[in-house]
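Here's a solo chain for you in structure tokens, the form predicted on its own.
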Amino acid sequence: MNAVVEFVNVLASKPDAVSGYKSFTLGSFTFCRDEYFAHVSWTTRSGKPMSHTLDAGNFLRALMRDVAWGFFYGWVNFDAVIGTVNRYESVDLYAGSYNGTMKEAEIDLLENFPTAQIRATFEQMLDDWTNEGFDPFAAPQETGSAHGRKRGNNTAKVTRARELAKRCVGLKGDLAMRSDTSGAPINRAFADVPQEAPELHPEPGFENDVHAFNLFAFLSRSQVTWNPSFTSVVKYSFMCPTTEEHILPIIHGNDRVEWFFQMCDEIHWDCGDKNTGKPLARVIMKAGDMAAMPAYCRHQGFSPKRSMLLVWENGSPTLAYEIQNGKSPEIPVQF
């Protein structure tokens, strides 16, 4: 059998003579950056030129998550204007389409692209725009500056693989790191986290079916922030714990209910309407709290110090369509 290799042509300019960065074109959208900012340009439905400016560091942190998460479940808003929607075989790229004011003024634009095309463009943009010494996955205190003229790259950091367990972490066949054997250092914020492993006594013949691990020890070794890693998978039930510090670099819009369990410290959430951005709620979660984000909302988290959050996802590939068709609810429970 001959292997099929997918090649995607990415429209990129030569490096700018002053800043050193390439510009990228995707459909009607153009992306360029200078020493401080990322600029996104498009033509409105009425034919007028429009542009939007984001801090380069904030843009790269959001772009990093969009690439690493495979465009995630539903909406990845880089801010209140720019973002993507995962249609699972394609991806919408938009400017202002889910901003009530811009939509009303008819200065928004939404275009759909094959997933491979937008992924290739975003990957190359991320690699070209990320300078040496800056890690868009790290907490601000743990990395250098995203600003300044083009200087080297940090390809190793922007292409590191997301850890996805196929089974419970530590069982034969899982793909995630094992906290006791990975050699990963304990993060500075979790120096006081106990590292003892559970004691196991499975009956003979069940050694590959019964397992436990210290989730706090596992997470204490995480060197990235706001990046849910699968630690157990039971059919479509995904347990995705993560460590959070500073600000969630995106505003996540749900296409399904998402459950949160705050395992330590606290996170403050700003929640708004998914389609317009209109504020809906302010949620402050402290250790032991649980909350659910409905399928009609968008949310962004603020973690004053590094914390641990367990995210439960229903990964059913049909769920988003069932909610759209009214066959599944947008809310977690009906009282």
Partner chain sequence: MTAPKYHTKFGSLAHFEKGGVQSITDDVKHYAFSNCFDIASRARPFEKIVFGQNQIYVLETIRAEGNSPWYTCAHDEFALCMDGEVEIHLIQLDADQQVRDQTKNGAVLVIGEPRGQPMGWMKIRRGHQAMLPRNSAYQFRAAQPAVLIQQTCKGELSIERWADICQTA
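Residue numbers count along the first chain shown, from 1. The model shown is predicted, which means the values in this text are computed figures rather than measured ones.
Same protein, other form: the form predicted in complex with its partner chain, not shown, and the subject of what follows.
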query	finding
Site check Arg167, Ala189 and Val333: each within 4.5 Å of its partner chain in the model of the complex by heavy atom	yes
Contact assignment for its partner chain in the model of the complex, among Val85, Met102, Leu126, Val257, heavy atom within 4.5 Å	Val257
Among the candidates Val233, Ala184, Ala116, Ala80, the residue which, in the model of the complex, approaches its partner chain to within 4.5 Å (heavy atoms)	Val233
Its partner chain contact in the model of the complex: Ser145, any heavy atom under 4.5 Å	no
Heavy atom of Asp265 within 4.5 Å of its partner chain in the model of the complex	yes
Met239: touches its partner chain in the model of the complex, heavy atom cutoff 4.5 angstroms	yes
Contact flag, Met285 vs its partner chain in the model of the complex, heavy atom cut 4.5 Å	yes
Stretch from 42 to 50, 62 to 70, 289 to 297, 29 to 37 whose residues place a heavy atom within 4.5 Å of its partner chain in the model of the complex	289 to 297
Heavy atom contacts to its partner chain in the model of the complex at 4.5 Å, residues of 194 to 213 in sequence order	Glu196, Ala197, Pro198, Glu199, Leu200, His201, Pro202, Glu203, Phe206, Asn208, Asp209, Val210, His211, Ala212, Phe213
